[in-house]
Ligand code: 5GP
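In structure tokens, the next block holds one chain alone, the form predicted alone.
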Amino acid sequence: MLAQVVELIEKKDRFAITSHVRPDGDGLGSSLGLLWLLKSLNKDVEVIMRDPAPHSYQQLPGAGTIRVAPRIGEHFDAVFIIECSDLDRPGLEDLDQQFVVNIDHHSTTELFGSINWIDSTAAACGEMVYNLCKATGVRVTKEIAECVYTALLTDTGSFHYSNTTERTFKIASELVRTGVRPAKTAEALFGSYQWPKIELLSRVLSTAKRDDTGHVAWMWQTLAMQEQTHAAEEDADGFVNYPLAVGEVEATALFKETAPGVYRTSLRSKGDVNVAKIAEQFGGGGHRNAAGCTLKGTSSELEQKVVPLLQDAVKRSNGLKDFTEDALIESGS
């Protein structure tokens, strides 16, 4: 499918790029990286998002040019949709009237595009934009490098997650040679928080619970917490990972209330614990160790739904480990 994307770019001239609502590092970094790639080929191109870039990403080259709007509003030769599970995810009203190119690295993504370029081996969509540079012969400029590096850094959890591979580091190394300053990028992303985020974090952490085994943890964020702290929508990014810092915790959930009784639920795990399978049961998706879905109900109802599934995922993972160890013993390894 990469060949189809290259052919489209070579034959057409006017493009738009978008990603999901509440854009994150990969969605924004990849979109802006693609923007600079297409500009290098003298294409007429614009990035259009339903929501503005969060504070931590406003330093990205081109972030100030993003058009924030509820719809595309005009016809393009093609609209590139980055890291979206379905056509509704960008939150733009008229995408069904466009020629859509679906670019994602999640295997659970619907094939909603006229062209679907899905690469589940990529650590982030940013890696795919890098590959597109190579395929089109575009030199990786400092602007492209900074955007793609941000995509890689955020979607691998600062190179902590299991989707980090040798290829990821090879790409990151080239991006650094191109001019990316890792310390400066990390400081912009993780060292420029505003105080409401800290106040919100303190309230969310106060809700933290663990099950009897100590292997599963979960937390809550309510609309009242966000209102009381004057926190922004994106200030909760990364909160779900805090319980995983506890050695024995293998799976965690953050239930974030987005409307009364509606919770955007983030799931994270370690090792072989597969939370993507859980998210898929509720219409969501993601990676084995990082996934999400939207749930409706009371706090007790959602705990009763999700916590047992997390416990079961941990048990399955431990059963797999036990099986592997037994097999090694029997084989004399």
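Just so it is clear, the structure is predicted and the values come from calculations on it, not from any experiment. In case it trips you up, residue 1 is the first one in the sequence shown, and so on.
Another form, the form predicted in complex with ligand 5GP, is not on view; read the next lines as being about it.
Colleague: Are any of the heavy atoms in residue 215 no more than 4.5 Å from a heavy atom of ligand 5GP in the predicted complex?
Modeller: Residue 215: no contact with ligand 5GP in the predicted complex.
Colleague: Would residue 274 count as a contact of ligand 5GP in the predicted complex, using a 4.5 angstroms cut-off between non-hydrogen atoms?
Modeller: Although ligand 5GP is absent here, residue 274 would stay clear of it in the predicted complex, with no heavy atoms inside 4.5 Å.
Colleague: With a 4.5 Å heavy atom cut-off, would you call residue 56 a contact of ligand 5GP in the predicted complex?
Modeller: Although ligand 5GP is absent here, residue 56 would stay clear of it in the predicted complex, with no heavy atoms inside 4.5 Å.
Colleague: Tell me, yes or no, whether residue 270 is in contact with ligand 5GP in the predicted complex, where a contact means a heavy atom of each within 4.5 Å.
Modeller: Flag for residue 270 set to no.
Colleague: Scan 38, 306, 293, 66 and let me know which has any heavy atom within 4.5 Å of ligand 5GP in the predicted complex.
Modeller: It is 293 that has a heavy atom within 4.5 Å of the partner.
Colleague: In the predicted complex, which of the stretches 38 to 46, 295 to 303, 58 to 66, 260 to 268 has residues with heavy atoms within 4.5 Å of ligand 5GP?
Modeller: Answer to the contact question: 260 to 268.
Colleague: Note that ligand 5GP is not shown here; using its position in the predicted complex, name the residues of 78 to 94 with a heavy atom within 4.5 Å of it, in sequence order.
Modeller: 85, 89 sit within 4.5 Å of the partner.
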